[in-house]
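Form predicted alone, single chain, as structure tokens, below.
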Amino acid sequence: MNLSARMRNLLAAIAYFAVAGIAIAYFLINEKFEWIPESALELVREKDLLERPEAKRCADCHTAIYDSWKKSRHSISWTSKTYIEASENRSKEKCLACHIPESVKGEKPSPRMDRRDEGIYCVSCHFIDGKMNGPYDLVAPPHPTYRNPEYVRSNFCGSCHQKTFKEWQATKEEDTCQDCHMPRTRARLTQKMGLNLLHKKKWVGDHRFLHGEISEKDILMETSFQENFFNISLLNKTVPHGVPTADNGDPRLYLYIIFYNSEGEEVDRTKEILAPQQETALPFNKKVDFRYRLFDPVSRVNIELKYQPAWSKEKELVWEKTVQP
């Protein structure tokens, strides 16, 4: 066998063992990571990741999750103008625990002293009792990660959203907070070159913590004319908690009703405010009725439902309807 043939065989053998090594490593990391000695993993640990790093440090690997979180209201829970005004320049102590939580564990957290401008950030929810937690058990070279089943349960969100959590509990619906507000897609947990290929794709929650849109399919309306009265009922058909809902903020639904005569002239108008702080929010799957006495002949009623989030002074049109006797 000449030298070139030997070289080809040697390269082929090296390639074979390299591929076999990668396959074995991939199997161990994804299926049998407990077989990997902790002493070997300690050689590649990045110690600062277990010292409550800033969110940007987590973004070195979890870029997609970080970018989503930056678009969320969690990221500005301490710095938003709305919060600063509502908390009288952050002086209301009852607000601190949930706007700058130390560690979220399924019960009301304690406020933290560090990195307050980051609001509710990575460490708040994923660093618990000195360990990095998540919805999966994973061998991650930079830091150990431990599976915590609470991440897919509503009581985790109920740590801060306590009133909404109790409303959801009362409905006995199976869909969790995460199902609606953190819809999952199959994706890589990390985007850092090399590390992104270590694990199989996982179901990853949307860290924008979607607020959700209210539409005509969510809030149903029925109306009727009865002698000298106009009746209207609203039904929260799809949202398994009060609409709107909040522990301390003041989101509102506004129901505007304008009555017109046969000449198209306005003869009366009224307004209803549906808000959690006034205990008038629409409960799940239960009709709320309103009844108005008509003092003038009415040939047309214009009805608008508008929504105002807690962080905005603007009202968004949900639907507009016109009814006749």
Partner chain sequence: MNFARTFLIYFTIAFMMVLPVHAKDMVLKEPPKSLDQFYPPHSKQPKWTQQMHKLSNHFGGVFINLKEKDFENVDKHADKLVEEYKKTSEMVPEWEEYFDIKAAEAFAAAAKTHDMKKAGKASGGLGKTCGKCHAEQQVSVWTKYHWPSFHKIKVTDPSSEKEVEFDKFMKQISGSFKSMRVNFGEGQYGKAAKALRAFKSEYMELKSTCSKCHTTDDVKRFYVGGDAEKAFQGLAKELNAEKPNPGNFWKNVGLVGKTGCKNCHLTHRTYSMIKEVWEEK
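Positions refer to the first chain, counted from 1. Source: prediction; values computed, not measured.
Not on display, but discussed next: the form predicted together with its partner chain.
Which residue, 155, 248, 77, 133, has a heavy atom that falls within 4.5 Å of its partner chain in the predicted bound form?
Spelling it out, the residue with a heavy atom inside the cut-off is 248.
Answer with one of 213, 129, 93, 174: the residue that has a non-hydrogen atom within 4.5 Å of its partner chain in the predicted bound form.
Spelling it out, the residue with a heavy atom inside the cut-off is 93.
Among 182-190, 137-145, 121-129, 95-103, which stretch has residues with heavy atoms no more than 4.5 Å from its partner chain in the predicted bound form?
Selected range: 95-103.
Taking heavy atoms and a 4.5 Å cut-off, does residue 50 contact its partner chain in the predicted bound form?
Outside the cut-off, so no.
Given that the partner is absent here, does residue 273 sit within 4.5 Å of its partner chain in the predicted bound form, heavy atoms only?
It does: once its partner chain is placed as it appears in the predicted bound form, residue 273 has a heavy atom within 4.5 Å of it.
Can any non-hydrogen atom of residue 277 be found within 4.5 angstroms of its partner chain in the predicted bound form?
Although its partner chain is absent here, residue 277 would touch it in the predicted bound form, with heavy atoms inside 4.5 Å.
So in the predicted bound form, does residue 116 come within 4.5 Å of its partner chain, heavy atom to heavy atom?
The answer is yes: residue 116 has a heavy atom within 4.5 Å of its partner chain.
Sequence order please: the residues of 183-211 with a heavy atom within 4.5 Å of its partner chain in the predicted bound form.
Counting only heavy atoms within 4.5 Å of its partner chain in the predicted bound form, no residue of 183-211 makes contact.
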